[in-house]
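Just the one chain here, the form predicted alone, laid out as structure tokens.
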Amino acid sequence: MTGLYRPRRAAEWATCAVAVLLVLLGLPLLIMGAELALLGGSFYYVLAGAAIIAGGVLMLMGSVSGALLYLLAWLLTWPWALWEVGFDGWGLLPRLLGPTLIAVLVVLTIPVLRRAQKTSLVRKGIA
């Protein structure tokens, strides 16, 4: 994948919207996470922000690996959140609800990304 893929259908436009959302949400995590890390805080936000941005960019390129990268970051958020606040429901809610809702959206984009990736490979004569 050498560039952004061109959406044609509503599902492809929705996939692009989710990818842009990931990039926009990852930027403040990365930037403010770096500030927090410099103050002696957790590096989680820097790593999560970088993974979320990379996932969004890969999704904009039509790659399923972008969705899988976000889902990996989401999966690793769970043990971090449990380590951070334990099993306190109110403490877990802000750490897990938003990323989980976005994970649902990302999972819904996987079939669209697979189709886009397959179409791209066919055009290049690889598949």
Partner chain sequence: MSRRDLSAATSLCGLLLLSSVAGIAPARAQSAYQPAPPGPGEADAPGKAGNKFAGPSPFAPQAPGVNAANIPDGPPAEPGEVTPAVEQIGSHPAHGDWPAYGRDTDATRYSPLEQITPANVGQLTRAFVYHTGSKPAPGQVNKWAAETTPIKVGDGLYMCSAMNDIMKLDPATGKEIWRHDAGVKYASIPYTAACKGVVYYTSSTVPEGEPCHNRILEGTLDMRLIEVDADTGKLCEGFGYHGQVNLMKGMGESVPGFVSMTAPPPIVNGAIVVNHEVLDGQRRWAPSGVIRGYDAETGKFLWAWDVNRPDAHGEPAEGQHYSRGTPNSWATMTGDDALGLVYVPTGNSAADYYSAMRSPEENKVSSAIVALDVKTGSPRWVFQTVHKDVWDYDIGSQPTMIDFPGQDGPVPALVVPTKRGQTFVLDRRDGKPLLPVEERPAPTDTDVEGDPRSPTQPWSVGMPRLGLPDLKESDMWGMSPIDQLFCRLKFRRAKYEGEFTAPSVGKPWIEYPGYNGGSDWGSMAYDPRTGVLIANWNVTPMYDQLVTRKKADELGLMPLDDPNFKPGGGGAEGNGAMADTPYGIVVSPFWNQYTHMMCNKPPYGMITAIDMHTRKVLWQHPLGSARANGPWGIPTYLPLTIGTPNNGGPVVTAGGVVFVAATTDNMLHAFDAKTGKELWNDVLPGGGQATPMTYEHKGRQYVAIMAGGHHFMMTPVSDALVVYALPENK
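Numbering follows the first chain given and starts at 1. Because the structure is predicted, anything quoted here is derived from the model rather than measured.
One more form of this protein, predicted in complex with its partner chain, exists but is not displayed; see below.
Screening L25, A11, A103, I110 for any heavy atom within 4.5 Å of its partner chain in the predicted bound form leaves a single hit, L25.
M32 is the sole member of M32, V64, A50, L76 with a non-hydrogen atom within 4.5 Å of its partner chain in the predicted bound form. Shown alone here, A54 lies farther than 4.5 Å from its partner chain in the predicted bound form, counting heavy atoms only.
Interface residue remark: W90 is counted as part of the site for its partner chain in the predicted bound form, having a heavy atom within 4.5 Å. In the predicted bound form, at least one heavy atom of L36 sits within 4.5 Å of a heavy atom of its partner chain. Using a 4.5 angstroms limit between non-hydrogen atoms, L82 is distant from its partner chain in the predicted bound form. Residue Y45 is the only one in 44-68 with at least one heavy atom within 4.5 Å of its partner chain in the predicted bound form.
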